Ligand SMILES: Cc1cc2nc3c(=O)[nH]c(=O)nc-3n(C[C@H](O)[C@H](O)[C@H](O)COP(=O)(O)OP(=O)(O)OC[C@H]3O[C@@H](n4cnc5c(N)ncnc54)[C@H](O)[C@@H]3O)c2cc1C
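Shown below, as structure tokens, is a lone chain in the form predicted alone; questions about how it binds or moves come after it.
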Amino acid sequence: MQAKGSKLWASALSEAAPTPYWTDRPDRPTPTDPLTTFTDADLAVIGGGYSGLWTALLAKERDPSADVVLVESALCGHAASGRNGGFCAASLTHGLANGVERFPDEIQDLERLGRANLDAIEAAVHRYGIDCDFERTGEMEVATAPHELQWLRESHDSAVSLGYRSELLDAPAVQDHVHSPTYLGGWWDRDGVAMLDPARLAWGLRRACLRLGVRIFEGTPVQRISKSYGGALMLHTPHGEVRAPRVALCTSAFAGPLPKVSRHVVPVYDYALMTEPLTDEQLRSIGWGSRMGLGDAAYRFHYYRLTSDNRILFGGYDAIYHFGGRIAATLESNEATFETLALHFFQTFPQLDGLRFTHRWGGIIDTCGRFCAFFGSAYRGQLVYAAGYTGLGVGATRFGAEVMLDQLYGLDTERTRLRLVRSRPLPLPPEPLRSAGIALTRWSLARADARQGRRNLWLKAMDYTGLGFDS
């Protein structure tokens, strides 16, 4: 989509609050007390997003007697886990196409494990009574340019070969589901994605952890890690310490106390808008009765979905990296991107002229050269980590938590034998080469979208080396 046309966005954005919709609620939990003393634990978890919460919860499910401590620098779920689009995907590889390209010999196993992981998330939501509007709607990828139709067919054929419920739709069939003048075709993965409220999932996992006896200390950043007497690891925080023989580092895009992880992680800012609730008439004008998540097939893509009260979340397109991997609260707002998103929204749904946005916000995604999670260890295996989920961490972090626990306790499992787990992406170059490479890649992706998907020499070189940058 080109950023030109009417300026419907000008008034639509005028009263949008610069804060994530999901966390702007009175039921946001009260923070626990920070750590102010020394404590021992069997397992220490650093980070209170999905990755850390699943790790703590599954550790207690595996061994209810284990003493698990989780430390979080702010409030659990405050970062990516509480501000994403709420697409909970079965894919462990950032989509089937990326998985087929990078892990062809084990894609069937990865897809089977990913679908089982999504089933397990749904079961946990019910078991712990997590009220997060979980809907197993699937996701439809739509073509908005003719060359994207072949990409949809390839995805559909791959899904069918794996036995999935998959539908390939031409333009009239797509319009039967969702009415947009931009749609030329669609591919609907009927079972592989659920829609949910991301903050309430995080808060529900937090509540389940506390119920099972996990000790959570919020407002407690870990400043450094050292070896203690007796061989355990010591986590040093501003006002206390945690000593534990096993540590799971779950800090996502944040650097955390283990600098070597940052060599593989690129923190990029993603942005989203949330509309006011649609009226019945507005909802009828766009259809969308099946309530599936939507995303377009372009390299610079949008993702969007309906909430339980029939708002529309609309995000994506821009993925912005700042020199040196800078992360700051001031970067969570980007007026130029918000205006672009609003313009694209009304190009997608011109029949919603007059609809207003109530919230606009941004947050960081921990992407990496292969676009899906990688795993590693330090301190001779006493600390393990997972990072690089590239926007699909709502679902894949639970699988990553299982992997980390397997590794920490020395278990030889189907998970730990996967090449996905045993291999890592190439490290990204240092600055200023990193910024220059990312800028060139973003420019090349935009150019490919404008040139019927044709990838230039730079993108082909990235493909060859296994590096990349996905918007």
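Residues carry their position along the shown sequence, with the first being 1. Bear in mind that the values here come from a model prediction, so they are computed numbers and not experimental data.
Only in words, not in the display: the form predicted together with the ligand, which the text now covers.
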item	value
Contact flag, V71 vs the ligand in the predicted bound form, heavy atom cut 4.5 Å	yes
4.5 Å heavy atom contact, I46 to the ligand in the predicted bound form	yes
Heavy atom of V394 within 4.5 Å of the ligand in the predicted bound form	yes
is_contact(V265, the ligand) in the predicted bound form, heavy atom dist at most 4.5 Å	no
Among the candidates G293, G85, G369, G95, the residue which, in the predicted bound form, approaches the ligand to within 4.5 Å (heavy atoms)	G85
Selected contact from P221, P245, G287, P350, since only one has a non-hydrogen atom within 4.5 angstroms of the ligand in the predicted bound form	P221
Contact stretch among 144 to 152, 117 to 125, 382 to 390, 180 to 188 - heavy atom within 4.5 Å of the ligand in the predicted bound form	382 to 390
